[in-house]
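One chain comes next, on its own, written out as structure tokens in the form predicted alone.
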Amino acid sequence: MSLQLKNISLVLDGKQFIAPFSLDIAEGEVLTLMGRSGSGKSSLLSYIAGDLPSPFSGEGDVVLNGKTLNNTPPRNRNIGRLFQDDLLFPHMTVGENLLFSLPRGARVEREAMMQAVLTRAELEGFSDRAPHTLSGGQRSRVSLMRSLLAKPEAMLLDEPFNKLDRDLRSTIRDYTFSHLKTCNVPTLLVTHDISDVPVGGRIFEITKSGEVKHV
């Protein structure tokens, strides 16, 4: 699996704020994009995901596993996304949140898959818990596993560790990167914190002039 960004640029009200650039993200790689607040990092993720709102606009090709996605609706792109907020459904239990990402099928099989990921996330026995009863780290793990259950072919991480305390941040960050690597998912991480960058990972920065440069 690979995620390719070809000659991507972003425009706001007729003014270009990210100059054309290209990147190739290999399977299992977590590539980091940094930049000052307002530089367009989250807008770029929205363009890749296919939900860039007006008045923003963009050009260039998003290519996933050899398929150009520009005209593909967001729901059909098979690109997962994690935000600062876990965005779990508050009216659903932990188990129901996870089952929501699974395709329709036999109830027993879906239940078994849900329980298996809870065990993998060290949350065995949490299926009937309400999201608000979980700690921040536990909620982050549920959100991550929900994204992975959908079997994304690529993942976008929009500062998902930003609201965690230092110790928990390190644990959840390592946990996330490990699972994405194991699943061979090409990943683009947006962050303002250099400590979030995986060891040995490539780093690019959006400069003040809107260029995307290797750091």
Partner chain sequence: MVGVGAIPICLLFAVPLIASLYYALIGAFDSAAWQALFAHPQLWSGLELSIFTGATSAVLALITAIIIVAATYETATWRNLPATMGAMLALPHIALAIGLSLLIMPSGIFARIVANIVGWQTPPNWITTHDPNGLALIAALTIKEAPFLIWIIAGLLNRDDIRQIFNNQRAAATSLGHGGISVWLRLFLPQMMPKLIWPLVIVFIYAATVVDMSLVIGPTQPPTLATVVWADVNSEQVINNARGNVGAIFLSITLALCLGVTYALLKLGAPLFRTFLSSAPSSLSLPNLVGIAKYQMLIWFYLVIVVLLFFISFAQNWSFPNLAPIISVRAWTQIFQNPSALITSVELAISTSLTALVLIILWLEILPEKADRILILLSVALLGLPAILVGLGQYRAFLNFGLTGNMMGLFLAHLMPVTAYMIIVLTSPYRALDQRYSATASSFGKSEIEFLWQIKLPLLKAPIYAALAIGFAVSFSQYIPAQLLAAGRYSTLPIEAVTLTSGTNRPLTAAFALLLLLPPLVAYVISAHFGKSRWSTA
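Residue numbers count along the first chain shown, from 1. Remember, predicted model here, so these are calculated numbers, not experimental data.
Just so you know, the form predicted together with its partner chain exists too; it's not on screen, but the next bit is about it.
Picking from 143 to 151, 59 to 67, 172 to 180, 26 to 34 the stretch near its partner chain in the model of the complex, with a 4.5 Å limit on heavy atoms, gives 143 to 151. No member of the trio L188, R202 and T207 reaches its partner chain in the model of the complex with any non-hydrogen atom inside 4.5 Å. Taking non-hydrogen atoms only, R104 approaches its partner chain to within 4.5 angstroms in the model of the complex.
Remark: P74 counts among the residues lining its partner chain in the model of the complex, judged by a heavy atom distance of 4.5 Å or less. By the criterion of a heavy atom within 4.5 Å, R139 is excluded from the residues contacting its partner chain in the model of the complex.
Although the partner is absent here, L99 sits close enough that one of its heavy atoms falls within 4.5 Å of its partner chain in the model of the complex.
Along 63 to 96, residues P74, R75, N76, I79, G80, R81, F83, D85, L87, F89, P90, H91, M92, T93, E96 each place a heavy atom within 4.5 Å of its partner chain in the model of the complex.
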